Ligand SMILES: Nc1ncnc2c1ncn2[C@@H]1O[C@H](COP(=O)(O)OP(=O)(O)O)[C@@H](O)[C@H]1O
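Starting off, we have a lone chain in the form predicted on its own, written out as structure tokens.
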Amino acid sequence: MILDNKIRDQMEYTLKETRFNLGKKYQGKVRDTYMTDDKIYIITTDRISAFDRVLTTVPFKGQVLNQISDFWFSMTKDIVKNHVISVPDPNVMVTRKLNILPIEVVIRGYLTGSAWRDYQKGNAVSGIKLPPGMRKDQKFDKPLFTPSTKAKEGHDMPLSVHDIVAQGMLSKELIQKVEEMALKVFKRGQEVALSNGMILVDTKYEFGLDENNEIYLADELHTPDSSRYWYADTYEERFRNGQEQRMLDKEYLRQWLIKERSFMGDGHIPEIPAEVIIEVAKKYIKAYEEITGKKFDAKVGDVLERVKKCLGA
């Protein structure tokens, strides 16, 4: 109940958008990014989207996502350098400017999602032919490296390593290095998640090169928005029984909109009651605590003014 009251009090202070004089601005669905000559300011707002529409803001959501990424960058910096320069505010990450590689790096530990749908159709998964007789949600003997395109519109399309080299997107040496690093980061992610009772199922990474062509891990890392998590304690039983896995619940708002308002992205965005927003916020906070094993520090206050003061913007 204390958390509910904090979330309710924070509703009037959520971070919807920023208009700072920090450099060239790019506004995504969730993040406001400012680019200078040598660095990038990434401000994770409290905006939440579904069906490719920004719907509303959710108290503490930006802080949750930013701090989960910060947690994982710290946990993996011995494996590969990352773009983080500093985290001066719970919603802000200052990063180095990189030449981002033109592929989405996807690592899969289990046969689920789009990989399962491809497998059912008899298709290879990013050029990888899987053995017959596998079941939905089955763990791979070794995680799969399944890169994809970065679609400006529509869906990303799978790519094989052969495709990437043949099309001149990346050299063979570079894609092999990226694969090696991605698999090591994923392994670390699985180990840490499991110690907190979670299974890191699959994830997306972005890599970039600095001016010396050194590889860096960039963007966000192992957040609920970029990764799939299951609860470890019920995996085996549910897998044996052919049941859906218990997962971190990112779909609550989407399902509420479908069932309660018959909204699937078209037309006017319906008003979302405070009780629903509070429930969404609680799920994000729970995700932070279950992924990191840390207590979330929820402080009521004006996020925009705090960030503005922090950055001198």
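In this text, residue numbers run from 1 along the sequence as written. In this text the structure is predicted, and so the values were computed from the model without any measurement.
Below: the form predicted together with the named molecule, not depicted.
- Among heavy atoms of residue 259, none comes within 4.5 Å of the named molecule in the model of the complex.
- Although the partner is absent here, residue 219 sits close enough that one of its heavy atoms falls within 4.5 Å of the named molecule in the model of the complex.
- For residue 95, a non-hydrogen atom is located within 4.5 Å of the named molecule in the model of the complex, even though that partner is not displayed.
- Proximity of residue 31 to the named molecule in the model of the complex falls within the 4.5 Å heavy atom cutoff.
- For the three residues 117, 137 and 238, a heavy atom within 4.5 Å of the named molecule turns up in the model of the complex in no case.
- Note on the interface: of 211 to 219, 188 to 196, 229 to 237, 125 to 133, the segment with non-hydrogen atoms within 4.5 angstroms of the named molecule in the model of the complex is 211 to 219.
- Between the options 156, 206, 163, 179, the residue in contact with the named molecule in the model of the complex by a heavy atom within 4.5 angstroms is 206.
- Taking 65, 48, 277, 40 one by one, only a single residue has any non-hydrogen atom within 4.5 Å of the named molecule in the model of the complex, and it is 40.
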